[in-house]
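Below, in structure tokens: the form predicted on its own, a single chain.
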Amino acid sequence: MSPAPAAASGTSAAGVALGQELIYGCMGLGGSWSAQPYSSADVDEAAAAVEAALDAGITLFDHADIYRNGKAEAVFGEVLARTPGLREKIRLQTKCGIRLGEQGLEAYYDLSRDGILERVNESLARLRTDYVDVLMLHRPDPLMDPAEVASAVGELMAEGKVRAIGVSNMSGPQIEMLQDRLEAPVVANQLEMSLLKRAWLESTVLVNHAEGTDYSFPHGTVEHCVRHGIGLQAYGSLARGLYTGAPAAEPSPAEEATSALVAALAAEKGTTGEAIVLGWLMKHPAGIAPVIGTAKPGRIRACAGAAEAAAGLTRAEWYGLWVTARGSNIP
């Protein structure tokens, strides 16, 4: 039987506080994606990023076992080892379920019981910690048996290695199928959501509209998460800096106009472009928590005012950003 839904912003059944907040995404740490070992400079870069994130008020750090082929977790573990007391001040989440460069395949998914147990234990070793606050199932695995997942998650939680369970890139029905077997509530769903990647939003207004066929996002997923108290985490939330000064080879007219509008709103409200872009997401009543992926300390700190920017955006300004970014009026 499914457990009672967790609160949308609060504490999960496992005692892990999750809500609308900024999250630091660690995918950019650890050097290259090659098999080349990370360097001391990579550890220093990670330490600087963590310090900037803390300065911005961020306490939740997002990982995955595959990021930089495990090196993102490893350099973070080095930072934890050389910073006494840091682990107790932060929360960690990591993901499993994708295998890269194994069995002659570039990639395949593995949410088998043994696969989950193996990869979580490897992540804990790299992170140099006894537990993660949230384990995220990275992508839907067509061969997944929900009972196997529930068995693995139950064992990890009983051992104290995982305190809460979440998912990534899953639809409402996929989450519902898992939740039927899981004893613990799914506390978060991480999706690509930004002012650039708007399929999650477009799907809500393009029902019964021809333009709706342009978007593959499963309509109803956001609503399912809100209804069941599942936190929404937005990766790619800064749109790789497209609207805040990152060079673009051939920006579209909509992208140029959006960049100009973001800059104008930031100047008017005395904040940064990054805060405006993230604030646009956080203004949505679903309580979206943006994941910040940049490794540049200055850009990380520039995100600190996102919640204030969200509160300061008027409805017309919010819609103005959306319409400008889509390059056409809404239906």
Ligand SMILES: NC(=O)c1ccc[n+]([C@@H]2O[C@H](COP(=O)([O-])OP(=O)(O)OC[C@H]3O[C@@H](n4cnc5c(N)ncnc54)[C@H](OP(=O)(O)O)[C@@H]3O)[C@@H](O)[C@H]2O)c1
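Everything quoted here is computed from the prediction, not taken from an experiment. All residue numbers are counted from 1 along the displayed sequence.
Not on display, but discussed next: the form predicted in complex with this ligand.
Enquirer: Considering this ligand in the predicted bound form, which of 295, 304, 263, 47 comes within 4.5 Å of it through any heavy atom?
Expert: Partner contact (heavy atom, 4.5 Å) among the options: 295.
Enquirer: If you check 179, 129, 203, 169 against this ligand in the predicted bound form, which one has a heavy atom within 4.5 Å?
Expert: Contact check passes for 169.
Enquirer: Applying a 4.5 Å heavy atom distance criterion, does residue 237 contact this ligand in the predicted bound form?
Expert: Result yes; residue 237 sits at the interface with this ligand in the predicted bound form.
Enquirer: Residue-level question: is residue 138 within 4.5 Å of this ligand in the predicted bound form, judged on heavy atoms?
Expert: Residue 138 belongs to the contact set for this ligand.
Enquirer: Given that the partner is absent here, does residue 95 sit within 4.5 Å of this ligand in the predicted bound form, heavy atoms only?
Expert: Yes.
Enquirer: Applying a 4.5 Å heavy atom distance criterion, does residue 43 contact this ligand in the predicted bound form?
Expert: No - in the predicted bound form, heavy atoms of residue 43 and this ligand never come within 4.5 Å of each other.
Enquirer: For the chain shown here without its partner, which stretch in 100-108, 239-247, 120-128, 75-83 has non-hydrogen atoms within 4.5 angstroms of this ligand in the predicted bound form?
Expert: Going through the listed ranges, the match is 239-247.
Enquirer: Looking in the predicted bound form, is this ligand within 4.5 angstroms of a heavy atom from every one of 20, 232 and 280?
Expert: Not one of the three qualifies.
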